[in-house]
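Shown next as structure tokens: one chain only, the form predicted on its own.
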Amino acid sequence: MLTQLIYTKKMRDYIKREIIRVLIEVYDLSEAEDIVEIQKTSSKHVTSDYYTNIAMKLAKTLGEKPLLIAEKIVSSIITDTNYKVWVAKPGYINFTLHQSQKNNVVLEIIKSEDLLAGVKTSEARNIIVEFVSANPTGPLHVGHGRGAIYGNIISKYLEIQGHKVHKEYYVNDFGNQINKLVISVFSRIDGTIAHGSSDLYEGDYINDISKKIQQFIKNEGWDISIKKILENNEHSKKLEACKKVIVSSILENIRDSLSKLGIIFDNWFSESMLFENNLVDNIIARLRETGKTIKKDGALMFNDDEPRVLIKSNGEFTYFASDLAYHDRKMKKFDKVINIWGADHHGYVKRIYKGLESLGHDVGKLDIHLIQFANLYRGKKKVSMSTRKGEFVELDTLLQEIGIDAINYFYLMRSKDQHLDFDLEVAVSSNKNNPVYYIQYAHARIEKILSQVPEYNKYEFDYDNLTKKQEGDLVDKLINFSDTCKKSIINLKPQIMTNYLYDLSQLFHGYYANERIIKDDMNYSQVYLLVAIQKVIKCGLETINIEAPRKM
């Protein structure tokens, strides 16, 4: 029989072993260990802590009704004071733990050396995560922020699991968008260039770069007009040199912005390298060899249900051609390839998979995460995010306004599949409407309480001395932390962690409002409970790169 000191996290294993024992003894099922699952009850309307649907699974095999199977199993289970077991239609077997047994989780958490041990993998892989990869045509703005923060956190989640993670930024420094950027900069130096065009990049940053180009030309000692550099083929090397200065200037700004957010890439891979090293040509040749290309109206097409252009009739390569070359490189080097793309790339996903499959790759290695758009508001006014028009709020400005903790939380608080709206005025508020403040304040508030009982650990934790409903609710929430970590970190769903931390903090603040902890007749089990809550909040916040302040 179990003793009261069996840790809560072992109860599920104990219950599973007991079900397996009964199935072997009653039904002679040698494969019982492979089919028994003990699930954590999630519904608030069910009073059990764990359940199993094994009776429904076996009904067809055994030729009995699930309810009858469940009742036979329950009648053979060895009774235990730590839990009660009961059957619910159509055959669920439910287990309700005694509250003192569940209270074990408090010490379990406090004594744990690693609360994230349950998410560690035994099969570490070499994984590349490519994210942000915004065209180097302007500063990063708030529209880029969601993909940047999400990519950084899931990279961290993979590292927490034990994988070797390589973070890469793919620099689109080749093609029409870069040419348009160069013309935009040159037009600020000579107004006759692209005069009257409405399709150029705008914004103050273009003026800043134009000044750098003028200084660069002066330093190089070129006695030539900017217009001739742009239009005369004999000055192509000078044009390329100017282009590099322009792109480098923007990339320097992007690197700096990301660094302030704690986002550091292992590599910045330039699209132009694919052409310089003939990787795109090689991809085209391989596709031709496999019969996956056709000619149409002078263009070379990828032959599929919906043919896609690889090389235009004028000889220009498309993004599809270079993207296949880039992904071919990644698929060869890594065990798993993860891309973080905006939702506007939805129609492009199938094309990439088809292309890589034609090149002989196992497309199961590729995982593309599409991020829905984030809309930012200042009160009721929507914040613009147009790089082309120069009407946007830079990420740097957002960082200065609401801070890195709020940026991390707000960009992560919804599933990547959901549109995200958040109000900048809420993000800087100091009340419960601001979830970041609310969670951090819970951590700081507990710290203040603990500072008044520095030697609490001289007193023993009494498992039977946390009996109030709010204490039970907090204990239940602490028990859920292990499952929350698995669902969030292993499944790469940071919003599960943000929601958990908010719910736990809400329970704590409600408890604090109703319960006086520091008093003459101290209940030190309550203090232990607060220590466990604080440790979980701190651990959870660290997984999403948010500070757990000791004072606010």
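What we label the rigid core is the largest C-alpha set whose atoms superpose within 1.5 Å from one form to the other. Everything quoted here is computed from the prediction, not taken from an experiment. Start at 1 and count along the sequence shown; that's the residue number.
What comes next is about the form predicted in complex with the RNA, which is not displayed.
- A heavy atom within 4.5 Å of the RNA in the predicted bound form is found for exactly one of F373, W268, F275, F216: F373.
- Here is the short version: of S225, N135, T290, S75, the single residue with a heavy atom within 4.5 Å of the RNA in the predicted bound form is N135.
- Taken together, the three residues N152, H163 and S358 lack any non-hydrogen atom within 4.5 angstroms of the RNA in the predicted bound form.
- Residues within 4.5 angstroms of the RNA in the predicted bound form, judged by any non-hydrogen atom, belong to 424-432 and to none of the other stretches in 424-432, 278-286, 154-162, 327-335.
- In the predicted bound form, K448 approaches the RNA with a heavy atom inside 4.5 Å.
- Contact annotation: L67 falls outside 4.5 Å of the RNA in the predicted bound form, judged by heavy atom distances.
- Under a 4.5 angstroms non-hydrogen atom cutoff, the RNA in the predicted bound form has M56 among its neighbouring residues.
- Residue contact with the RNA in the predicted bound form: L107 places no heavy atom within 4.5 Å of it.
- Taking a 4.5 Å heavy atom cutoff to the RNA in the predicted bound form, the contacting residues in 404-424 are R414, S415, D417, Q418, H419, L420, D421.
- After superposition on the rigid core, displacement of the C-alpha of N94 between this form and the one not shown amounts to 2 Å or more.
- Comparing the forms between this form and the one not shown, the C-alpha position of K538 differs by less than 2 angstroms, with the core used for superposition.
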